[in-house]
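Single chain ahead, written as structure tokens, the form predicted on its own.
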Amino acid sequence: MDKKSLLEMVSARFGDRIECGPEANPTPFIIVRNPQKDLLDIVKTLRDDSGFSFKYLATVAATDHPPVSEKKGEPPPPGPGHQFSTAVLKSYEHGTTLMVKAKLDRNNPHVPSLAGLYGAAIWHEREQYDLLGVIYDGHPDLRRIMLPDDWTGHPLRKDWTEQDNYRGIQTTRESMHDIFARRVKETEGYDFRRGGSAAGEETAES
């Protein structure tokens, strides 16, 4: 089944409950307009209807979209922005892939869990919760999967600020420039920040 045929079938089946992405996108996708109300029903239909047969959940991924200016120098639009939670479904029977996106309020990113439809969603959704803070309502075990339970924040959110340390362990790292400057100072005695030798005997101005 080609992309055009798939999007036509999906559009005919779900109507205005979804928005279809452009056909030119490498992987066809739909956006569920009201995920709290419709996401589970739509995904269940995509799984169980023999015309679709999306029996396999490849992954669940999330992305973070703070408000950005449309033109350089202009202020960003008001509001917190949004996040997407995207389920990638595959049908080996029809040889097709479809992404099902749910657009979420960035300040309150709740979406129904797909764990009741696909067991694989349990780990995928835990990862998105851990790294981006998406809350999957109805998930049977929603907790961090990579970071410690007492870690602060979700590091793939674009407003996340790295802490200096975690339980006394330094978390920040030197940049490549800082490492180079430190090694030059140690071996050559040249201090880039002072523009001269470490002892300040020679400077760029002198």
Partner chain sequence: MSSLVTQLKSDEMLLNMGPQHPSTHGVLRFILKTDGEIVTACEPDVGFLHRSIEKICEKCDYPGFMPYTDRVDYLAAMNANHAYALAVERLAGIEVPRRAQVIRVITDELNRIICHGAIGVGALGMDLGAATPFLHAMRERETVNDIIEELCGARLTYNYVRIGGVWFDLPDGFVEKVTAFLNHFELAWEEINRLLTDSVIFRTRLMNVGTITAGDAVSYGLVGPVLRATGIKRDVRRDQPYAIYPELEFDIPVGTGTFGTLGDCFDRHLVRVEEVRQSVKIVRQCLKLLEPGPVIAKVPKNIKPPAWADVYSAVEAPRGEMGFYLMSNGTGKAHRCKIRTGSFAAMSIISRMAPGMMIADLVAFIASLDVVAPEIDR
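Quick caveat, the model's predicted, so the values are computed rather than measured. Numbering follows the first chain given and starts at 1.
Omitted here: the form predicted in complex with its partner chain. The next part is about that form.
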property: Interface residue in the model of the complex among Arg33, His65, Lys37, Lys44, criterion: non-hydrogen atom within 4.5 angstroms of its partner chain; result: His65
property: Interface membership of Gln83, its partner chain in the model of the complex, 4.5 Å heavy atom rule; result: no
property: Touches its partner chain in the model of the complex: Thr97 (any heavy atom, 4.5 Å); result: yes
property: Contact flag, Leu142 vs its partner chain in the model of the complex, heavy atom cut 4.5 Å; result: no
property: Touches its partner chain in the model of the complex: Ala120 (any heavy atom, 4.5 Å); result: yes
property: Joint contact, Glu19, Val111 and Gly138 to its partner chain in the model of the complex, by non-hydrogen atom at 4.5 Å; result: no
property: Residues of stretch 17 to 43 in contact with its partner chain in the model of the complex (4.5 Å, non-hydrogen atom); result: Asn25, Pro26, Thr27, Phe29
